[in-house]
Ligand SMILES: Cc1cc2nc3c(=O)[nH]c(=O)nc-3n(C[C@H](O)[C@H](O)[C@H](O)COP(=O)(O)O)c2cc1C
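Quick setup: one chain, the form predicted alone, written in structure tokens, and binding and motion questions come after.
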Amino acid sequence: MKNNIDHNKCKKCKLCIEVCPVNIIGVDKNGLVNFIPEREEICLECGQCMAVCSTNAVKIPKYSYKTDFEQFPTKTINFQEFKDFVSTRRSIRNFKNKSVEKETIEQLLEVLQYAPYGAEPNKVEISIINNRKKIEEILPATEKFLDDIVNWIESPIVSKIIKFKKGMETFNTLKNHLYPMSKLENYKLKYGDRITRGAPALMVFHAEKGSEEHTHNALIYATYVMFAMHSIGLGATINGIVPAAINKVNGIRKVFNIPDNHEAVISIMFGYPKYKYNKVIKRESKKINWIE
């Protein structure tokens, strides 16, 4: 079944033509709004044309008006409410000894139905480790991985290999962030769990290596979920150490059942916050360049 337009419903407002990001809809020689056959193969399946159509005349096989679309909510938040919400979110690293209910996590994941993505096919998967003992299984191997980073950075040869294979961003993150903390034994388990901070649950975003836009998509999804967690009283922190360890240590990959052909992009450790913050932290203003 191909994309099509029901001309019995179409009122020729041409909004679908306006909103299509890849210009695959136009007016044919008969004056009818139609998909352009020779361009249809580049359809992003974004659903914009269906969402803007007031008469439900546009049809993309992937979607159904009954199951994949909802009417816009009549109530939303204003800018001040949004600002207050995001300003009160903190990176939580102290959690109560309390598990997170599966129903609560399933509720959180509902927000991803509204998240945008970069390109099809969308291959990002999410592994949820809602078991503290399972998380603790990977800590010794992760500790060793962090110790290895110290040796890598202090080796001129290995450092050059990292720069060449992983790029300067990854190298500088290792050198300027993880290396000094690892060298000072910040992540040593003898001082407690400073890797996952005792979090009762962990969420890992991963995808097939090389798949389209999976890095950006995973970061978008993690951001959506993290704010959803904040909205229902859960605490969360983005964790980049666990994904790096998954990608480097097969044993950790097996514990979390991450496919061999996948790479982990980012993870979120989460649970119920142990402490309550009393003040909002204002970060340093970003450098803004105006071009007018």
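These figures come from a predicted structure and were not determined experimentally. In this text, residue numbers run from 1 along the sequence as written.
The form predicted in complex with this ligand is left out here; the points below concern that form.
Only one of 47-55, 261-269, 27-35, 64-72 places residue heavy atoms within 4.5 angstroms of this ligand in the predicted complex, namely 261-269. Exactly one listed residue, out of K123, K175, K183, R93, brings a non-hydrogen atom to within 4.5 Å of this ligand in the predicted complex: R93. Only one of the listed residues (V249, A228, I241, V255) places a non-hydrogen atom within 4.5 angstroms of this ligand in the predicted complex, and that residue is I241.
This ligand is not shown here, and in the predicted complex it never comes within 4.5 Å of any heavy atom of K279. At a distance threshold of 4.5 angstroms between non-hydrogen atoms, R89 is in contact with this ligand in the predicted complex. Counting a residue when any of its non-hydrogen atoms is within 4.5 Å of this ligand in the predicted complex, there are no hits in 118-146.
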